[in-house]
Structure formats: structure tokens, C-alpha cells
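A lone chain, given as C-alpha cells: the form predicted on its own.
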């Protein structure tokens, strides 16, 4: 895409950038800045055969799986962080037990290093030996090799990850597509964007070109394919320094997701029953403003 005019509608960009069968990396962690507006639009578009690579962001992955969008998920932690502690993902568990999806378990360091290899453009990357775990028993694409510099030293190598599209919700972007993620340690998000073939960012606000200082930019415009302004685009999860997680609505979802019938009713009411994310926010209510230290 050209450097200007990257702002577009979410429906249009999902149609263009997330076809059936895409490998999709969902950003966000636990209950913070999950790309929920984009996830709901993918569900409305009835995408199928997606291969997900996930940071630990249970809600987005659980909903995509429950909606039948997914055939494979690579993960290192999947669960919900709530005011009652960590809770399981019902639709993920049901799909795995029924054999409807392939589950590729990993660990956080391995996934991060695989993305780093993808960003570097190399086919694989060595990581410290973790043969004390059972991970090598479930990942036949992870291999053991001896160091070319010390044959007695063994290491594990993992294949590079270069997902087709990155889904990210951030704080601000400018008209050219420069993105600001206002968090203390945002830099691995840049590595993830470098690894992915296409980058779709929803943001709380879009400002004029030149309004963002270069030191604030997390992802430069030349890595970004599309920007969509979606206020509260991470809700019902939180966005650091903007708004809090909606524990009440996540509790509604968790109760609904206990059964296939309950989940189907949730889809009809909160996703298919809402024309867009603005309608979803109108239905569940705006999230509480972020309070420092809460």
C-alpha cells in the first residue's frame, strides 16, 4: 500500500488481508490489548481454515475457535486472567478433545525466537537445549543438533515463523501508518511486525502526519498495511493507560462458552447481532477509564 491513505474500514481490510487459510498472529497478552474488534470482524466474515499463532491471549483465540474459523493453533499459554484468577478456555478444549483443530504446543521463548528468525529472514534459529521437558515429544518440527563450534554442545533448533498477517490493537497511529504502542516494553511487537507478511492495526485514534515524535513510534509506516480507527477496539479486554478490562462481560462469555449451545447464543447476540464494534460497545457499555495502579 502507499505511504498515505492507509486508514480504511475494518470490514474492507479483513476481506483484503485475511483470506481463508491465512496464518494469523494475534497480539496482546492475557487481558490487555487483544485485537477484539478485528477478531469479531473475522468471525462475521466467516473465515475458515485459519492457522493461529498466539501470544497468551485466551479470549480472542477461544472465540475464533468456537466460531469454526480455525484449523490449527500454535500456542504456549492459553487461558483467561480474570478477577477470579486463571480459568480454562472452554471452546479451545472442546475443539481439541473432539479433534476439530490441531494444537501445536510450544513455550514462549521458542515462539519468540521463531518470530525473530522470521524477522531476520533465516529458516531456523538455535535456542538453549530444553530436553528436560516433553516438548520435543509433541513437536517433531523442533530438532536437536550439535554446535558446529563444539560438537559436544547440543542445541535445539526451531523453524522460523513468518505469519501471513499480524492483528494488533494499539493506542495511536498517524495518517501514514506509523503506530504508537504506549506500553513500557513494546519492542518485541516491532520484531513480530517484521516477521509477518502483512500488518493490520486497529487504533484508538488517528492523528495528522507529523504529530508523532519519531522516538514514540513503535512500528514504522513501511511495515504497516492498514490502519483502522476503532475506539475501544480491545474491549472487553483492557488497553494500558486507556481503559480497564470488562470483567463482567468476560464472565458472561465464560458462562456462555461452557456449552456449544450457549456459545452459539453468544455469537448471535454479541457478534453476528452487532453490525460492527461500535454496536458491540453500545451493547456491552463503554469500559471503565484506566486508573493508574488499579
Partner chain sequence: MRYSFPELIISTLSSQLRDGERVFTGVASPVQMMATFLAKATHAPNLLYFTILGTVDPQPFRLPYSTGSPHLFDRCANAITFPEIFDLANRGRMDVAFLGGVQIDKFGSLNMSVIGNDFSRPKVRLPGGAGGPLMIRSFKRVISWRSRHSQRCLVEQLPFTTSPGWISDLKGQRHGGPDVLVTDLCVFKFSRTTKHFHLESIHPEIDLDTVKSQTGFLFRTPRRQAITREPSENELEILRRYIDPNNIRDDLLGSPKVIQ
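Note that the coordinates shown come from a computational prediction; the quantities given were computed from them, not determined experimentally. Numbering follows the first chain given and starts at 1.
There is another form of this protein, the form predicted together with its partner chain, and it is not shown here; the text below is about that form.
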Proximity to its partner chain in the model of the complex, single hit among 200, 170, 196, 114 (heavy atom within 4.5 Å): 196
Heavy atoms within 4.5 Å of its partner chain in the model of the complex: does residue 32 have any? yes
In the model of the complex, residue 107 touching its partner chain (heavy atom, 4.5 Å): yes
Does at least one non-hydrogen atom of residue 72 fall within 4.5 angstroms of its partner chain in the model of the complex? no
Would you please decide whether residue 240 lies within 4.5 angstroms of its partner chain in the model of the complex, comparing each non-hydrogen atom pair? yes
Looking at 23 to 31, 45 to 53, 62 to 70, 265 to 273, which one sits within 4.5 Å of its partner chain in the model of the complex if you count heavy atoms only? 23 to 31
Within 116 to 152, the residues having any heavy atom within 4.5 Å of its partner chain in the model of the complex are 116, 118, 119, 120, 121, 128, 129, 130, 131, 132, 133, 134, 135, 138, 152
